[in-house]
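The chain below stands alone, shown as structure tokens; this is the form predicted on its own.
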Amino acid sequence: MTYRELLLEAAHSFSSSETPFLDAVLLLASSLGLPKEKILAMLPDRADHVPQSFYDMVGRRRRGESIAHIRGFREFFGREFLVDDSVLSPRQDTEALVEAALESGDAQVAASGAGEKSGQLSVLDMCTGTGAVAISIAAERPQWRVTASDVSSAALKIAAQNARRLLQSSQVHFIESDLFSGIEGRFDLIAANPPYVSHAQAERLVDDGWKDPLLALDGGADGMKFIRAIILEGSKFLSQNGVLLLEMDPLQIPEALILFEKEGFCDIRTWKDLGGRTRVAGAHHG
């Protein structure tokens, strides 16, 4: 059996995956301690040395566990973030939120010129989970002051570990807070990737083997519970002309845009993810 045949056999068993062959490649790379590019170069070779750990990981993937939780890390915005069962594994879709934050922040800095901000912004990343959004922003814009919050103390521990691994200094300040309950002061930019899966769907995903915690998935009856709350309260924590950005399901965007308008936000706009779906909605206030 060649490595190609081995991987195809494993991939055929991943019935719930959208990228079964890539999943198999990543698992073999992890078990052999090799980059995936090396595995792809080995495809025609005989699979004479396959660790038992590969078959163990294939079994976990077959049962619905994500690649990120099996390997213990997830690539996001060009960096590897540690994950475990206490946090939502960052998705590629969420990179759109980082892009929107960088674009919006840069525009604020440019508009302020040599004035009050002088190149600096105060940023809040809510529902931070692994810290992927906050850390990515801090790494890309080290002069910005970034705060990250989450209701889960376990998630904040993982986020702090990721910050120590990926940032040169303590660039992100972490706060345990249920949405805005523990937040003080005002921010030039607030970004959030709150739970936005409906309660019923979130329970089904967990029952199907997802290792993401229910707390990080469950957005209430229709998935909009936290999105509504953040838009309703957000203006109280934004500086003059501050920006609020929210990731959500594309089907939730229309209601979010109406909420932004009702709450007095302006310059309302959206951003698409890499799949071309509208993923992030944002607006200025004041």
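Numbers for residues come from their place in the sequence shown, where the first is 1. In this text, all values refer to a predicted model and were calculated from it rather than measured experimentally.
Another form, the form predicted in complex with a small molecule, is not on view; read the next lines as being about it.
S.K.: Looking at heavy atoms inside 4.5 Å, which stretch does the small molecule contact in the predicted bound form, given the options 64 to 72, 28 to 36, 214 to 222, 256 to 264?
M.R.: The contacting stretch is 214 to 222.
S.K.: Would Ser149 show up as a contact with the small molecule in the predicted bound form if we use heavy atoms at 4.5 Å?
M.R.: Because no heavy atom of Ser149 falls inside 4.5 Å of the small molecule in the predicted bound form, the answer is no.
S.K.: Although the partner isn't part of this model, could you tell me whether Leu88 comes within 4.5 Å of the small molecule in the predicted bound form, counting any heavy atom of the residue?
M.R.: Leu88: contacts the small molecule in the predicted bound form.
S.K.: Do Pro195 and the small molecule come within 4.5 Å of each other in the predicted bound form, heavy atoms counted?
M.R.: The answer is yes: Pro195 has a heavy atom within 4.5 Å of the small molecule.
S.K.: Indicate whether the small molecule has at least one heavy atom within 4.5 Å of a heavy atom of Trp144 in the predicted bound form.
M.R.: Although the small molecule is absent here, Trp144 would stay clear of it in the predicted bound form, with no heavy atoms inside 4.5 Å.
S.K.: Between the options Phe180, Phe187, Trp210, Phe174, which residue brings a heavy atom to within 4.5 Å of the small molecule in the predicted bound form?
M.R.: When the small molecule is considered in the predicted bound form, the option within 4.5 Å is Trp210.
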